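First, one chain by itself in structure tokens, the form predicted on its own.
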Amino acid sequence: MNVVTALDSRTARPPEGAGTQARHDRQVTAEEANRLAEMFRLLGDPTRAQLLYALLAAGELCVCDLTEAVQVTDTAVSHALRLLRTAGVVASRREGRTIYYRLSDAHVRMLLDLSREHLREAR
């Protein structure tokens, strides 16, 4: 009697040693996984996401400009910017009494661009 096995019930094994090192190199350590989860949690707030995309579009804005762009209180903007600055996602510079904020580097811009592109493709 022949036994029929479903295709998805077999465990696929890679050829001996083929790609094993490459797969291992792409895995994250427990510490990296925790840091990544914290970063995504930080980016997971709608107000912070709007602030980041406003900075992406404008390049550099002060709190009053961000408040107007996102339509939230200056307190909420300041709190969000403090968290983003502490995490290294945004940077700031002072000009007189005004502090201007910008995305900290190209990696943040790339992450935002890729995230938006992914959302648009998922539709």
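Everything numeric in this text was worked out from a predicted model, so none of it was measured. When you see a residue number, it is the position in the sequence shown, counting from 1.
Note that the form predicted in complex with the DNA isn't included here; everything after this is about it.
Among the residues Glu32, Asp45, Glu60, Glu68, the one placing a heavy atom within 4.5 Å of the DNA in the predicted bound form is Asp45.
Although the partner is absent here, Arg26 lies well away from the DNA in the predicted bound form, with no heavy atom inside 4.5 Å. In the predicted bound form, the DNA lies within 4.5 Å of some heavy atom of Ile99. Shown alone here, Ala87 lies farther than 4.5 Å from the DNA in the predicted bound form, counting heavy atoms only.
In the predicted bound form, no heavy atom of Leu56 sits within 4.5 Å of the DNA.
Heavy atoms of every residue among Arg41, Thr75 and Leu83 are located within 4.5 Å of the DNA in the predicted bound form.
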